[in-house]
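Form predicted alone, single chain, as structure tokens, below.
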Amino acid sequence: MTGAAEFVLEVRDVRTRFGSAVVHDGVSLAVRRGEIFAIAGASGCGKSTLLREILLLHRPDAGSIRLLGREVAGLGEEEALALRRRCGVMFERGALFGALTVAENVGVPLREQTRLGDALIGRIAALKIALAGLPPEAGALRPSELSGGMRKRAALARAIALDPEILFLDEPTAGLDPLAAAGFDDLVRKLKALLGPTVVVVTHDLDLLWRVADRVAFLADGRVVGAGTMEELSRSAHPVVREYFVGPRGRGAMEQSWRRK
């Protein structure tokens, strides 16, 4: 049996309501250290809301969330800040500061969370930009001067600026063409192998799930209705899971995965 100490994230019976709308009705999942774990489901199933709760940006109505061994409910401001420093987050639309260059964006968490000098921050930012697969000259550009794929990579470079223990990626391939999305999938795997963080991906991208995820939790009807490897989920008898993974688009992504293997 896997020991509790191996889990870097544990969500237990989380319940969330906005007015009369029930978003989570007993969500439970656990993420092991060092794996690439995906939270999947159709649009509106509560994936991004769950991510905000994990990151202490929204408090659920009930349930428990333990992140890196700490129960997030009731943490004071300083304790919450210390916990967030151990996490890296790439938001769905990048959330880059438009008035700053890419290098300055990547340097923001280093300036806010460390006492490093400007010269060293600049060198670290250049390294993270390179690790994200961007050319050196991209550091001097502003977000408006980047393509969609480059903005995603710039946001990822900022997310790994502090060498996080756990890296959260919110819809990292949304809006990308298939070639750029496949390149980003490969990048996630390379960074995982190089830097070693636990990676939690929130996505509905079937290709990404097949290419990258070690395990997947599938949300529907306010709960996790399926969890396991993609091969296990593709054999699920649950009608919603089966339609998602074995429907026309799901079969296409599964067949591509088999061909690559």
Partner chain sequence: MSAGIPSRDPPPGAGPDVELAGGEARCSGSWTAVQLHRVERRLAGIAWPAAAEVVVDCSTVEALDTAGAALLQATAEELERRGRRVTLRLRPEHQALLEMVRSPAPAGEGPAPGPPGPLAAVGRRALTALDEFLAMLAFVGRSATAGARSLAQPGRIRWRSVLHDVQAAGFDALPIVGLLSFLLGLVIAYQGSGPLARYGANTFVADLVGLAMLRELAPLITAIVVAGRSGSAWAAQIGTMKVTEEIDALRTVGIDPLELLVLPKLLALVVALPLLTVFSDSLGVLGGMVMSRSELGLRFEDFLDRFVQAVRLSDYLVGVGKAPVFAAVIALVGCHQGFQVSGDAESVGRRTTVSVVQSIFAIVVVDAAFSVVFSWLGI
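Positions refer to the first chain, counted from 1. Not measured: the values here are computed from a predicted model.
Keep in mind the form predicted in complex with the partner chain is missing from the figure; the text below concerns it.
Note on the interface: of 167 to 175, 109 to 117, 180 to 188, 71 to 79, the segment with non-hydrogen atoms within 4.5 angstroms of the partner chain in the predicted complex is 109 to 117. Checked against the partner chain in the predicted complex, the residues 214, 231, 221, 61 give one hit for a heavy atom within 4.5 Å, which is 214. Shown alone here, residue 235 lies farther than 4.5 Å from the partner chain in the predicted complex, counting heavy atoms only. In the predicted complex, the partner chain lies within 4.5 Å of some heavy atom of residue 192. Looking at residue 133, you'd find every heavy atom of it more than 4.5 angstroms from the partner chain in the predicted complex. Taking the partner from the other structure, the partner chain in the predicted complex has no heavy atom within 4.5 Å of any heavy atom of residue 95. For the stretch 53 to 86, the set of residues having any non-hydrogen atom within 4.5 angstroms of the partner chain in the predicted complex comprises 85, 86, in sequence order.
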